[in-house]
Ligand code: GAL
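As structure tokens, one chain now follows by itself in the form predicted alone.
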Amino acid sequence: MAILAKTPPMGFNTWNTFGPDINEQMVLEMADVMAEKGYRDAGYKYVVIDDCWSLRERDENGNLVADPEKFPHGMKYVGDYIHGKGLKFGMYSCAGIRTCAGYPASFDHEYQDARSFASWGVDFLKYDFCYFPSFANCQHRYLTMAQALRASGRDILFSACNWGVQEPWNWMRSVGAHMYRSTGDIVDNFASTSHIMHSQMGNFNANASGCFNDMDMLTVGMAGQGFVGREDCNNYAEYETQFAFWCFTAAPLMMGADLRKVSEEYRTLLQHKELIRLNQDPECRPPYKVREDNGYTVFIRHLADGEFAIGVFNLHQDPRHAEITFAELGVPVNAGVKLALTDVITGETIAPKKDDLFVAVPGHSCKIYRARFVRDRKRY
């Protein structure tokens, strides 16, 4: 079997915009847009149908059945269409008795459902945690579905979604997940974004090739519309901060906006080459929090080819002036090297510096630099 999720998975999920109002035509159109508007070429490959796709009851043989009004041609047809666009097909189930919206879920049906998904050409399974029996063991049930997917005869990426219950960063990799939801549901405002960011700043230790901390779907570009849209939705700077943090921390990038309607500025942001390059760095190192001070937080993250990234995130409304001492990044003044810096978002280059860096960061914003070592000729 192939090694899945070498780098953070990227794709689109229906829930943030459409919630229960999903149908075959919309999903096919989303695949068209991903193929035609640059998303596929930027790295987004999964088209994931979330909750509410099935009938309310299983058939006489205990099989899940797609709602024929929503998906008149069935799920294999949808999967074949998505594959024909050079993309991968994702679906949804739940570890409990029912899904979060009350549809049949996979508790005690793990192997049967995994075989159904495989027969439909599914490449990705989001696996939720609603209506989970009190007598059951959370970790064992995620292990059971991981095994069922592996036994299905098809490579299916396992996206475990238990909202951070029982600290999944300590065990999800071990039970076989490829990504795991570590938070509650996101909504389209900065209060939600910043809450999720704060909650996970110390929980990326298990992030590495094969399994990644999932902070929920992106709301970038929703602009207040859709199922989790809010009147106090994010502005451009706040969406940029959300996308930059997900990229910096190597979180999965699952878009939630209606890609058919996303404005050009948000399409450009979602396809930002250097931020995605940072997210998909092949070394897959987790970020390290260097310091939290005066309302801002400084991180570093080791990258391939001997480089590293510096991230400064200001989650407060007021601007902050951040002073970064290179010694706290592991580069003391007598190291014999300087740092050549490139602003990942703007592309601006900074002449090699030593000792420190002073950065002005507007409210609800961030600065990210790619750093490489340059020999300090004065010391040689």
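All residue numbers refer to positions in the sequence shown, first residue = 1. The model shown is predicted, which means the values in this text are computed figures rather than measured ones.
Just so you know, the form predicted in complex with beta-D-galactopyranose exists too; it's not on screen, but the next bit is about it.
Taken together, the three residues A101, K126 and M217 all come within 4.5 Å of beta-D-galactopyranose in the predicted bound form, as judged by their closest heavy atom.
The shortest heavy atom separation between C130 and beta-D-galactopyranose in the predicted bound form is within 4.5 Å. When beta-D-galactopyranose is considered in the predicted bound form, D155 lies well away from it, no heavy atom lying within 4.5 Å. With a 4.5 Å cutoff on heavy atoms, C161 counts as touching beta-D-galactopyranose in the predicted bound form. Remark: E283 does not count among the residues lining beta-D-galactopyranose in the predicted bound form, judged by a heavy atom distance of 4.5 Å or less.
Screening 229 to 237, 188 to 196, 92 to 100, 144 to 152 for residues having heavy atoms within 4.5 Å of beta-D-galactopyranose in the predicted bound form returns a single hit, 92 to 100. Contacts to beta-D-galactopyranose in the predicted bound form (heavy atom within 4.5 Å) from stretch 51 to 70: D51 only.
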